[in-house]
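Before any questions on binding or motion, here is one chain by itself as C-alpha cells, the form predicted on its own.
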Amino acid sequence: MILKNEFLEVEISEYGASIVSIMVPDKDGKKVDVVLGYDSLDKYKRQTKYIGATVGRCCGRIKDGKIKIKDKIYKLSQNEGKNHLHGGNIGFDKKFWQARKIDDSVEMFYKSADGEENYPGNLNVKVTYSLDGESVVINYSAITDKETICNLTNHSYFNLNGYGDVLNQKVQIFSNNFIENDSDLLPTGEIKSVTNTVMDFRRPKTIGKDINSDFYQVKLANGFDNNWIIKNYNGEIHRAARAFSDETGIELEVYTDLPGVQFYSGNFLDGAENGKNDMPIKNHSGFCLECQYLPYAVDYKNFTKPILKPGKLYNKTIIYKFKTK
C-alpha cells in the first residue's frame, strides 16, 4: 500500500506491518529511499534483522524469557540463545496483518492470541500509518482481556544517503542518560550519565566517530546498541532524536510519547540478503532509532513497566519528520 503527498511517498506491507520504503527529496530534488527494505515477500519471510517491521508483543531482550505479572511467572519463547528477543520465534514482524486504506492513512490489524509465544491474554493491536506534511506518523493502539506486556516499536533502518554505509551520517539524541547493558546486551538496570563518554550524542556527531571505541558498552555491541532515556519525558510527545546527511541534505527528526529510544548502528547486518534494487545490506548499512518503553523494564523497579491491563488502552505514537536543507 502506498501513501503519498507532495513531499513523501511511503510504501507499507501487510507482512509484519512493515515500512518498505520512504521516498524523500534530497537537496537537488532527487528522490531518495531512506530506509532499508526488500523487493520480494520471500526475502521478508527469510530475513532475521526485523528490517522495517512492527516489533511486538514486546520489543527488546528479556532475560531467560521470564516475565512476572501479578506474582505469576510466564516463560516466553527463547529465540536468542536463552533470552527472548523482539516478540519471540514468530513475532509480529512475521505475521500477516489485515489492512485497510482510509484517505491518507493505512490501518493494520492483528489479534495476538492468548498464549502466543507464551504471552498471557488476547491482545488486539492496531497500527496506523499516516502522512502529515513532511512527517510519517505511526500510532499504536491495543487492548487486552488479561494483564499482559505490550511494548511496540518500529524497526526501520535509516540510511539518509540511500546507499552505502551510514558512518558519515550524524545523529543527535536528546538524552542525558543511557541504560547500561551486560555481555548479552541485556539491561543491567543501571542508568548511566552520558557525560564524558562516547555515549554522549547531545550534540550531533557522526555515527562512525566512536563506533570502534574501547568504551565497554560499544565493544560489547560492536557499535552502538543501547537505550537512551529521553530528556524531560512526561508522557507527552517530545523530540527524541535527529539525524542528517550532509551529502543529501536530508534530515530526520524523531518524536514520540514513549520514554526511551534505542539507537542501533546496524552492527549485525552482515549476512542479510541484498535489498531493494539488489543493494547490498552489510554492517552499518542503516541505523535504527526505536522508540519504546525502557528495555526489560519488567525486572527493574526504577523502570516504568509496559504492563497493559484489561479495560485500558495502549496508545502510543512515533513520528518520523523529514526536512531537506
Ligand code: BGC
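In this text, residue numbers run from 1 along the sequence as written. Treat the numbers as computed from the prediction; the structure is a model and nothing was measured.
Just so you know, the form predicted in complex with the ligand exists too; it's not on screen, but the next bit is about it.
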| property | result |
| --- | --- |
| Listed residue that, although the ligand is not shown, lies within 4.5 Å of it in the model of the complex (heavy atoms), from Glu251, Glu147, Asp200, Asp225 | Asp225 |
| Heavy atom within 4.5 Å of the ligand in the model of the complex - the one residue of Ile143, Leu185, Ile191, Leu167 that qualifies | Leu185 |
| The ligand in the model of the complex: contacting segment from 99 to 107, 211 to 219, 154 to 162, 115 to 123, heavy atom within 4.5 Å | 154 to 162 |
| Site check Tyr50, His86 and Gln262: each within 4.5 Å of the ligand in the model of the complex by heavy atom | yes |
| Close approach of Lys282 to the ligand in the model of the complex, 4.5 Å, heavy atom | no |
| Arg61: touches the ligand in the model of the complex, heavy atom cutoff 4.5 angstroms | yes |
| In the model of the complex, residues of 88 to 116 near the ligand [heavy atom within 4.5 Å] | none |
